[in-house]
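Here you get one chain, nothing else, as structure tokens; it is the form predicted on its own.
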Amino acid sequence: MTDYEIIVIGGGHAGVEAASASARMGCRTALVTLKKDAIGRMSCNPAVGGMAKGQLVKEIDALGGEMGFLTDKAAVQFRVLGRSKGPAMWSPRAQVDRKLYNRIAVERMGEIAGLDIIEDEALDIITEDGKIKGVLLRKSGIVSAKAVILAAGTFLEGKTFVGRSSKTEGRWGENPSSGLSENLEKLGFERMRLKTGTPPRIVSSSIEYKKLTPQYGDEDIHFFSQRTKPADFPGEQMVCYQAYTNSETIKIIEEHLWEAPLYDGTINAVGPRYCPSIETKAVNFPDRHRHLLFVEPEGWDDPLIYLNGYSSSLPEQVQIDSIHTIQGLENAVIARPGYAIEYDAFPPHQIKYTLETRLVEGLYFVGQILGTSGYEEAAGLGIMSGINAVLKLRGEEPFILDRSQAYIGVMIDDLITRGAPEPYRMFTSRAEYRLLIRSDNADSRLSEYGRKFGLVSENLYSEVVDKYDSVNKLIEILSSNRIEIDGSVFSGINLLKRPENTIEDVLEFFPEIKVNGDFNREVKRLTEIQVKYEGYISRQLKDVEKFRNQEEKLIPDNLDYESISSLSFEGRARLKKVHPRSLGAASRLYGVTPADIAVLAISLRKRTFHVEQ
């Protein structure tokens, strides 16, 4: 008998979701973490969600994951971003009490049946004949397992930088994981070096808030989790603020670029292009001196402020001097400087769509070691790896979401087909079918899967079904009810399709509908979206049909691309390296031309014909 069926290495957001899913699906699971009380710790900003990231969290919750519920319980402010645009862009975000989130995560993982927490360091992956056999731990020795999920975050050979000073650590003040990535390289894995960073923390009482622009939470709160009820939230929200750099701020930064490890040659790793450091902003936008910063509280009773937008690895005194030029921060006390961190990661072409590695059966890579950049991306990969590891051990079909089903599907496909030349961040622009995979309908799209895997309760699933039954019922009532206005007769649906009318405006014409208790705020909102965007949704559904046609043409994993002589040299090399799952995935590979796809399609048809013969 093995010690465990599944071992998860790393207690960050990816590890939490992977371990929770695998244990709750019935597998004996161990979560190996360097520090038990650091499970779910927010290494960078104290917030969850945001543009496209909020959609990911809603999807994780719909599948039965942890992040949405933990966020709702620890939130200090809720906002929906993108409200000025259409519903495809609406993205929930929550400012979170950092310490409270961490504490709730630790408590939650401790109460899951079948999950053991092991405080130890993983030194090596034990394999035999290309299959996982277990993990070598520093204190516990070899612990056997049938599957291992590696979710080590920034800890693999982690190194932090503040000016010319550097330390070997996985994040500020915490030891890194040493030797594991080197041992994985010996197994044949390619590894790469990535970089990320974090801003300084400022003592809240040293800030002159009256000089800053307040940013309040939404009155109509949109929770992340299906499990959260309005009565669960106390109602009070904290205020965030906005500040701006100026020409003096940028001047100080420019004068000290020679001391910045990003520009003196000390750091060679690639950082996130869409979350640049303040010194990178100064270099890339030399004519722009006014950069928006967000002054965000770290928690209800926390004395520190997170200066979002001012990620930096400049020397501490340079950070202090430049921050003191910002209005409202003239006397700011820096409790901890910003820093950059380098860490080992593994190019994602080495995994399958299940997140299992191609080299070692039963080994899964997730989170930042796979090239992603945020809590939400890591958590999305985590829950998918946990589910798929269990399904593989059961001998069941894998769980794969495509680009038309979920942002999670977009992310995994992007990572495999396009790689991670820089830390990957999710954006709404990456999703071609974003009107179909909105934040508001994640439960409709994915809760059925969560129920199937035993991660969503029957009661909760029934609530989702009832909600969408109510939406359909309200649409039917609006279609059948008519009213005469200025001599013309309109149905409720006709009125709602008018851009100037909201669902509440239309219901004023039909008081008999308005008093119907079946239709709460959420049902009415979903109805309005469905009716107003019906034409756009129908067009995207037709696009999805074409997309699915290509995605259903699966490519055998053992296809010999060398035997297909008509493929271009570059196309053949990319296909061999990535092993795309389908003809559609192959068409999204850099270097694979339309001519290559045509040749590949003919080859697949011939192969199918011969098999059928």
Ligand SMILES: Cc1cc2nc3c(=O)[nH]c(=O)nc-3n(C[C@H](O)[C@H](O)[C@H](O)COP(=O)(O)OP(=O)(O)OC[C@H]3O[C@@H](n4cnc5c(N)ncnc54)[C@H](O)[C@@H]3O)c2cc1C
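The numbering used is simple: start at 1 and walk along the sequence shown. All figures in this text were calculated on a predicted structure; none of them were measured in a lab.
FYI, the form predicted in complex with this ligand isn't displayed, but the following is about it.
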Looking at the partner-bound form in the predicted bound form, is Ala14 within 4.5 Å of this ligand by any heavy atom? yes
Just checking whether Phe155 would be counted as a contact of this ligand in the predicted bound form - the rule being heavy atoms within 4.5 angstroms. yes
Residue-level question: is Phe224 within 4.5 Å of this ligand in the predicted bound form, judged on heavy atoms? no
Can you check whether Gly380 is within 4.5 Å of this ligand in the predicted bound form, heavy atom basis? no
In the predicted bound form, segment of 101-109, 144-152, 401-409, 351-359 with a heavy atom within 4.5 Å of this ligand: 144-152
May I ask whether Cys44, Asp120 and Tyr375 all come within 4.5 angstroms of this ligand in the predicted bound form, judged by heavy atoms? yes
Since exactly one of Ala52, Leu70, Val32, Ala62 fits, which has a heavy atom within 4.5 Å of this ligand in the predicted bound form? Val32
The one residue among Arg434, Arg451, Lys532, Arg171 placing a heavy atom within 4.5 Å of this ligand in the predicted bound form is Arg171
Contact set, 265-280 vs this ligand in the predicted bound form - heavy atom within 4.5 angstroms: Cys275
